[in-house]
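Here we start with a single chain on its own, the form predicted alone, put down as structure tokens.
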């Protein structure tokens, strides 16, 4: 799979842009704030139906306009795929595949797998468990439609159950039968989700360890541990035991929405003891493992988006990373960097490279010495 052409109208700081890409490396260089990451965000948008920077669609519209359009021409399994996303203030977002609109955005997830590596990824380690669950869910949902549908249903029921708990507290009453209706559905959905997460991490963890070992040159040992209240327990019993607490706090404290992924370096929590370089290497290895896993499951190569990933990596780790990316079976890659000279040096000896200079809502195809966007 590869993205042949990207077209933007009024998306973030771009009034209009059209870019034709290489099937190998595509590099966006320029000062911070110029719009490099916005180009990656547009590509991500075409895969996940939303921005990875700001999920509020109205805030992705260029100032003083009232709509945006993102369109991508892909080649997937030797077939052309045209993906169109349009949003206008006050209207429902339109998402089309080959000019046919989706009835549910969820039906598009997984068609065009994308793996994004960005500076914010270190929050996977540093922040709460919700980000680590989202990481797991994002991978599985791209190859398992049943999982995605059950996860959507589970989250909807948790919201309804929480609303009921709050209602009980306000009314100073309690209806166990009403709660049991939701709990029966949670048990059915939660067990399936839990089992699929366990199976996924069993296959995923060795791939992650392999990538980290290569990037770190075998200097450190890492591990992932999946923690869940459902491990070895009956979900129905877990819910029953948590009921007294749920009634007090007025939300659901037990279930797969509380699961976590414990990340360790040399048997210690990397969140507390890892250096910036070690944490960045950890999350890059997670993302490269995500790439390999999706490639195996989908039968074709995802797009790889690398947003300013060389920052806070020492030179030896940068060399290892680029050797890994160039030497392995990676497909189309998109990279952002602030310094063209440094990026050129990192990419030395790599064929099929296209460089775009980005700044102020303009994109210049440096390889062809031509302007691809005349926006102001």
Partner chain sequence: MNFSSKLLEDAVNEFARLPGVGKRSALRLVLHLLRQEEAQAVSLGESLIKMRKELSYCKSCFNISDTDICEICSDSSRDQNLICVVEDIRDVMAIENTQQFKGVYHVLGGIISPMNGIGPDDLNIDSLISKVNQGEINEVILALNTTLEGDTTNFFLFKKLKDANVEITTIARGIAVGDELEYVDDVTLGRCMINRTPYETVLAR
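These numbers were taken from a predicted model, which means no experiment stands behind them. Residue numbers count along the first chain shown, from 1.
In what follows, reference is made to the form predicted in complex with its partner chain, a form of this protein that is not presented.
Engineer: Mark residue 203 yes when one of its heavy atoms lies within 4.5 Å of a heavy atom of its partner chain in the predicted bound form, and no otherwise.
Structural biologist: So residue 203 does not count as contacting its partner chain.
Engineer: With a cut-off of 4.5 Å between heavy atoms, is residue 107 one of the residues that contacts its partner chain in the predicted bound form?
Structural biologist: Contact with its partner chain, yes.
Engineer: Heavy atoms within 4.5 Å of its partner chain in the predicted bound form: does residue 182 have any?
Structural biologist: Residue-level check for residue 182: yes, a contact with its partner chain.
Engineer: Against its partner chain in the predicted bound form, would residue 78 count as a contact residue? Criterion: heavy atoms within 4.5 Å.
Structural biologist: Looking in the predicted bound form, residue contacts with its partner chain do not include residue 78, since no heavy atom lies within 4.5 Å.
Engineer: Three residues, 1, 5 and 18; all within 4.5 Å of its partner chain in the predicted bound form via heavy atoms?
Structural biologist: So, no: the whole triplet misses its partner chain.
Engineer: Go through 134, 245, 89, 156 and name the one with a heavy atom inside 4.5 Å of its partner chain in the predicted bound form.
Structural biologist: Selected option: 156.
Engineer: Within 4.5 Å of its partner chain in the predicted bound form, heavy atoms considered, which of 231, 199, 163, 273?
Structural biologist: The option sitting close enough to the partner is 163.
Engineer: Just one of 81-89, 204-212, 260-268, 163-171 has residues with a heavy atom within 4.5 Å of its partner chain in the predicted bound form, so point it out.
Structural biologist: Partner-contacting stretch among the options: 163-171.
Engineer: Taking its partner chain as it sits in the predicted bound form, which residues of 125-154 have a non-hydrogen atom within 4.5 Å of it? Please list them.
Structural biologist: Result: 145, 149, 153.
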